[in-house]
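Below you will find one chain, with nothing else, as structure tokens; this is the form predicted on its own, and questions on how it binds or moves follow later.
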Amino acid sequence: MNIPRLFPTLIAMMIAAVPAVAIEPAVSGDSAANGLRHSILRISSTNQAYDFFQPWVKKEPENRRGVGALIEGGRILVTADLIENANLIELEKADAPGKVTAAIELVDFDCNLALLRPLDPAFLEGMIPLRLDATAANGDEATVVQVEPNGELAKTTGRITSVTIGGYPFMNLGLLVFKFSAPLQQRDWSFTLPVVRNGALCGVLMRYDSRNQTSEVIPPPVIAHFLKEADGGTYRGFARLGVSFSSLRDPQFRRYLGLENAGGIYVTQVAPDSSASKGGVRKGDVILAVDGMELDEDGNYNDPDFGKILFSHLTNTRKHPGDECDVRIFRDRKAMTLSVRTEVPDDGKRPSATYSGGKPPKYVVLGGLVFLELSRDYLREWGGNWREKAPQRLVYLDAFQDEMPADRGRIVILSQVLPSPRTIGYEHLENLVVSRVNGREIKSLEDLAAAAGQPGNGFQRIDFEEDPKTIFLDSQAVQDSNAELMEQYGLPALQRL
């Protein structure tokens, strides 16, 4: 499993040799509010992502700057997208000159959180870690902290206006989100910002809509789950139940199912190899309750802290991977209770990977044909509106991959054709799903590379799921043109697996 989503950088590996440093104990109340400048740091990150349209190169570097919160253990909490694809991360105190390099200790893109640690632990001497305020709820006031160029703090007080389950930036998992209303001004170091209440950390701002003056904040329960997993030795992440469902508001459908009482949701799909599948939940079941919490017709329950909210908060955040969860279902006009062990899905087995975690993308170039494995990163190359702009067949395959057979394997695509004498007539081909190469079923790029090594009758035969169904390449001509192709298009290698 790739659950930890740790950045595979040299800097991140260096933290094991960094000794701990004594910092002042956390304080609360007015003293913490007045000393807030000793609890936050400016973060400068140089980021350079891979170009999934040309996976052998990286894009131009960009700089992102935000504000991190110092927490217990000499760690700095930030959003994951602040340090996504980071080459270099530097820390600065709000009220003192000087920079130090930071290492990434842990990052989880599902919950959009990361922990940093300075390579020079003495840098944190005299600083005060913030405690986490677990009591923040709908209607409470809180303050977003920004830093002026001169080091002065800019504090904007607003109100938590609602609590909901929302999509996080990498769109892999729905987790609890605070909706926060406050008019923020554009300042440097504002890519990610801490939100405080009564001198304690009550969230991390990850999105701001300047038109509506509203923000989305990662709330304390999600942060607490992340930190508990981080302190547990082996980071496991956030589990999922693994079901798709529809509302049961239709009274005729309820009568058809034999439901007499209100509440419950209809299971439309169970992801292969998921927690629900292993626990015995089936397509067509009605989920009535989770851990004793009755669900309404839309899948909401009455949470003691946040009111009516989607049941996934119980299974994804309140539960940790490996915890047992009681799921009461209605099947064949009978109620029964199943014990489901919550697990994190293995992204490595998904037909379309959710996120690469900054790893170099795999590719194979065969005679100018560029093959990739479909991924959310590839679709995101079409921009923030990728669901509408990216090839719709690929968007569909990514969205409904949980409905594919458990042994589907990766979806391999011909992403583009590099014009060459060997690809005349094929230049227009792009974003086609590969089914077979030289008669071998393709479930990964490794399969494709192995199959390409065994051409039939001197030709590479490539079959697709859509038109044109089949194309051919002269295998010897392809072999002879490899060096020329690499030089012409600046390819460091013809494949990365």
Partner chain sequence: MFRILFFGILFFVTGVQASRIGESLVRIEATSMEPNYNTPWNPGDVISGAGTGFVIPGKRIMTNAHVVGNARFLTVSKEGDPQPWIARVAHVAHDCDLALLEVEREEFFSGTSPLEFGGIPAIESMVSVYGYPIGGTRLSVTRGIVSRIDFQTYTHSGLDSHLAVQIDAAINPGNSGGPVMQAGKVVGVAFQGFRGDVAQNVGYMIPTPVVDRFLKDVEDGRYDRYVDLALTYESLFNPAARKALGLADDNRGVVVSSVYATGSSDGVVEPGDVLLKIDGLDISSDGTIPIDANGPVPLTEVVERKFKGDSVVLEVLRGGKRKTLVVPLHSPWPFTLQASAYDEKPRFVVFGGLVFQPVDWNFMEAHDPDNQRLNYLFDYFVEDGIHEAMKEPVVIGSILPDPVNSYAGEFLHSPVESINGERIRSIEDVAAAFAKPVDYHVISLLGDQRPIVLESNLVEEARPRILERYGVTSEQNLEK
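Residue numbers count along the first chain shown, from 1. All values reported here derive from a predicted model rather than from experimental measurement. For the two forms, the rigid core is made up of the largest set of C-alpha atoms that agree within 1.5 Å on superposition.
Beyond what is shown, the protein has a form predicted in complex with the partner chain; the following relates to that form.
Shown alone here, Leu485 lies farther than 4.5 Å from the partner chain in the predicted complex, counting heavy atoms only. Of the heavy atoms in Ala452, none are within 4.5 Å of the partner chain in the predicted complex. Contact annotation for Phe459: at least one heavy atom lies within 4.5 Å of the partner chain in the predicted complex.
Contact check for Pro468: a non-hydrogen atom falls within 4.5 Å of the partner chain in the predicted complex. With the partner omitted here, the residue from Gly98, Pro251, Pro183, Gly232 that has a non-hydrogen atom within 4.5 angstroms of the partner chain in the predicted complex is Pro251. This chain is drawn without the partner chain; in the predicted complex, the residue among Asp291, Glu403, Glu90, Glu148 with a heavy atom within 4.5 Å of it is Glu403. Of the candidate stretches 268-276, 317-325, 222-230, 159-167, only 268-276 has residues whose heavy atoms lie within 4.5 Å of the partner chain in the predicted complex. The partner is not shown here, but in the predicted complex the stretch 217-250 reaches within 4.5 angstroms of the partner chain through a heavy atom at Ser244, Ser246, Ser247, Arg249, Asp250.
The Cα shift for Leu88 between the shown form and the other one, taken after rigid core superposition, is smaller than 2 angstroms.
In a rigid-core overlay of the protein, Tyr426 has its C-alpha displaced by at least 2 Å between the shown form and the other one. Put the two forms on the same core and the Cα of Glu62 is off by less than 2 Å between the shown form and the other one.
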